[in-house]
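Given as structure tokens, the chain that follows is alone and in the form predicted on its own.
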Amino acid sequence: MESAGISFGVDIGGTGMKAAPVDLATGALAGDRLRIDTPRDSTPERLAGVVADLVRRHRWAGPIGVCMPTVVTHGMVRTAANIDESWIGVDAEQIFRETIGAPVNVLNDADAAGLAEMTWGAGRGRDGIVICLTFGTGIGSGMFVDGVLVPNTELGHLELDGYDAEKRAAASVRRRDGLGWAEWAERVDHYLRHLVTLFSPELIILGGGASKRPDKWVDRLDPGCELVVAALANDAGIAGAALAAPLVPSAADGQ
């Protein structure tokens, strides 16, 4: 399906790939949210095939936006922290476009989540420095200065106490290390305090899979700036990807 005011987004994560049509007026999903486990063999060809399957299952026939856990510049993948390293140097927009047969824009997953929150959610109308963090397999970051995205910040990879920060404070670490919510929240708070020291944000938006259980950990945080849970929760990546889908002029636009 495709209609005015509706776009389509795909969110590729380290553990799951999610897709849905999105109402661009509100950021709400305009259809079923389909999820497929990210293949262990997460090569470009394999993931492009899964994305094409998600698009077909929705019977979508227009442009799409795709977000990934990578640095993306002009459609090219520059890093691959939580997917196969064979993605590095690949023109993601080209491989998705050729596999799906439709125009595609690709961006970093946390940038997409941040765009959604700044457009429709917790960051709407906020000036100054706003950082949107996604706590999932890793820690993604989207940074905004007076509403303008600073792309590919990758603040989850800051060194903290000799570690890559996401190796100590991602949501997946809580399960990996058998941590209780309080102990994990202490690690998250330590990480957030480091971000506040470096960037002095006015607002930090907490998103990703862990945002589905804010009662378990958010009240334990006190990093020295305003905190708010992502309004779009774990659908922010899909919504932001849909927002970034290519605009295709209608016939009327050329008249």
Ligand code: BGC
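Note that residue numbering begins at 1 and tracks the sequence as displayed. All values reported here derive from a predicted model rather than from experimental measurement.
The same protein also has a form predicted together with the named molecule, omitted here; what follows describes it.
For the named molecule in the predicted complex, the listed stretch (138 to 146, 174 to 182, 114 to 122, 91 to 99) containing residues with heavy atoms inside 4.5 Å is 138 to 146.
Within 4.5 Å of the named molecule in the predicted complex, a heavy atom is found for every one of Pro69, Asn82 and Glu166. Interface residue remark: His157 is counted as part of the site for the named molecule in the predicted complex, having a heavy atom within 4.5 Å. Contact check for Cys132: every heavy atom lies farther than 4.5 Å from the named molecule in the predicted complex.
Taking a 4.5 Å heavy atom cutoff to the named molecule in the predicted complex, the contacting residues in 98 to 126 are Asn108, Asp109, Ala110.
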